[in-house]
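Only one chain is shown below, in C-alpha cells, and it's the form predicted alone.
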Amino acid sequence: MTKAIVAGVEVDTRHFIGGERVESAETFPDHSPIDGAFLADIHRGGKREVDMAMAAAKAAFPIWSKMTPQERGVILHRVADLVEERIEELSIVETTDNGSLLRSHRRGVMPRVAMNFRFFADYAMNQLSYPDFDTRGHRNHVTWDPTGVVGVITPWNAPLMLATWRIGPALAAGDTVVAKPPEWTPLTASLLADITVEAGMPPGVFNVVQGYGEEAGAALTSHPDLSRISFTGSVPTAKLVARAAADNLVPCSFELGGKSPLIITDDADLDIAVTVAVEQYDNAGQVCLSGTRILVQRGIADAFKAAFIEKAQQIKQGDPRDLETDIGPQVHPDHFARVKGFVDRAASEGQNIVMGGGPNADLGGNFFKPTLIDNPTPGSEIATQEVFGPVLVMQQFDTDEQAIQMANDTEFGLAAVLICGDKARAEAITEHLVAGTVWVNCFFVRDLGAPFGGSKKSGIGREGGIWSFDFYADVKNTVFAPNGWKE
C-alpha cells in the first residue's frame, strides 16, 4: 500500500525525492494515539533513500540558490496560501496522527505553518541586510549566501509546525532541504510535499525521507554533502547527531529538552498564576517549553495549591477531535509507558502525589491523568528530569534569591516563567534567570522575529528572524577599497 486515508484525506506514504514518490522494500506501521487505530504502513527509508534525496537536493541547489529572494518568495508565498486553503485537512490528519487538539490545530498550529513560510520569505526579501560600514576608507558589505543542503529532523509533538519553523528559513535563504519526519507522526510531512509541487517548487528543492532515527536519521546526519543540520529532540539523540556531524564539520542547530521553572512570587495576581500554571498541561504536557517546576513563595503556597487543584480538576481529557476536549493522549504507547514510569518511581519513593498520578481508567489507552507532585525530594528524578507528559512538581521558596537559585539549579535552560506583581522586582529576577526565553505574567507568546533556543543542555544556537539566516546561510563580508577602479 502507498496510500493512507485519514478522515477522507488521502496521504501518500512513500518518500518524496526529487519531485517524485519513491518506494522502499520495507515499511513500518503508523497507529493513531487516540484509539490505537491502524493508519498506514509507512515506507522505511535508510541509506539508499537518503543518498537519493541528498543527490536530488544537491542537484537542485544551483537552480534554487541562484533565484533572487523575490523569486523564491513568490513560491514560498504560494506554499503558505495552499497551507491556509488546506488547514482543515492538515488539522484532522495531524490530530489523528499525534493526538493533539483539533481545535488548536485549526486555530493556531496550522496557521502558524503558513506563517513560517510567509514570514521568512518576507524577511529574506525585505529585511535581510546590514548597513555598510567604513574601515579606514574601505567599505564593508555584509551578505547572506545560500549554503547548500540542510537536513531537518523534527519531533512528534508538533510535527509540521516545528518542521516548517526550520524548512521555511532554510528555503528562504536559498538552501535545499532533506527532511526526516518523526516515525510516530509521519503523515503531514507527506502532505506538505504535495503542496510544494502544487506551489511550483522545483524538483529536489524539498525532499522527505520517512524512516527510523537510527536508520534514515543516522544516514542523513552523517552524510558528507550536508551543509547544515537542524535537530529538535532529546539530549541523548543530539549527542549522536553531533558526533555524526563532527566528522564532516557540519554546523548544528539544536533545540532540546527542558525542565523549566514557573516562579510565583507572593505579590502575584493569583488568578493569573493559577491560569498560567494550569496551561502547563497543554498538549498533554508534551511541550518542551512547559514550566513543569512550579516554584511558589511560601506565604501563598497553600492558597495557590488549593486554587490550582480546583482549576486543574476541571480539565476535560478525551478524544482530541472533540472540540470540548482540553487535553488528549500521550503520543505513543512507548511514551505513555515512559511517563507512567516516572510517576510510578516517584510514588515508590514516597513522593507526595496530590493530584492524578496514573492512567485515566475511564479512557484507557494512552491517556494519562494531569498530575501534581508536591514538595518532591530535592535532586530526585521527578524534580530534575524532563518527563514530557502531564506531570508538574511544586516546590516552595522564601526569598527571590532562593527562587533564582532553584530556577537555575538544573542542567536545562530552555525557558522560564515568572508571575510577579511588581515590575522592578520582575526585572531584577529575570535578569538572573538562565533561559533562552522568559515569560513574565504570560506564557507561550512567540514572535517569529525573536531569537529562540536554549541555554546549557537545552540547545545550541538561536533561530528566528535574522538569527535563522545567520545559521542557514553563509554570512559573508566583502571589503571594497576606495581606489583601484579603472575610469
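All figures in this text were calculated on a predicted structure; none of them were measured in a lab. Residues carry their position along the shown sequence, with the first being 1.
Here the subject shifts to the form predicted in complex with nicotinamide-adenine-dinucleotide, a form of this protein not shown in this document.
Enquirer: Indicate whether nicotinamide-adenine-dinucleotide has at least one heavy atom within 4.5 Å of a heavy atom of D266 in the predicted bound form.
Expert: Answer no; every heavy atom of D266 is more than 4.5 Å from nicotinamide-adenine-dinucleotide in the predicted bound form.
Enquirer: According to a 4.5 angstroms non-hydrogen atom cut-off, is E255 in contact with nicotinamide-adenine-dinucleotide in the predicted bound form?
Expert: Heavy-atom contact with nicotinamide-adenine-dinucleotide at 4.5 Å: present for E255.
Enquirer: With the partner left out here, check for me: in the predicted bound form, does some heavy atom of A173 sit within 4.5 Å of nicotinamide-adenine-dinucleotide?
Expert: Judged by the heavy-atom cut-off of 4.5 Å, A173 is well away from nicotinamide-adenine-dinucleotide in the predicted bound form.
Enquirer: Although nicotinamide-adenine-dinucleotide is absent from this view, report whether D374 comes within 4.5 Å of it in the predicted bound form, heavy atoms only.
Expert: D374: no, not in contact with nicotinamide-adenine-dinucleotide in the predicted bound form.
Enquirer: Find the only residue in E89, D282, D400, E386 having a heavy atom within 4.5 Å of nicotinamide-adenine-dinucleotide in the predicted bound form.
Expert: By the 4.5 Å heavy-atom cutoff, the listed residue in contact is E386.
Enquirer: Can you pick the one in N157, N116, S190, Q330 that has a heavy atom within 4.5 Å of nicotinamide-adenine-dinucleotide in the predicted bound form?
Expert: Partner contact (heavy atom, 4.5 Å) among the options: N157.
Enquirer: Which of 365-373, 312-320, 118-126, 234-242 has heavy atoms within 4.5 Å of nicotinamide-adenine-dinucleotide in the predicted bound form?
Expert: Stretch 234-242 is the one.
Enquirer: Considering only 215-231, what residues come within 4.5 Å of nicotinamide-adenine-dinucleotide in the predicted bound form, judged by heavy atoms?
Expert: Residues within 4.5 Å: G217, A218, T221, F231.
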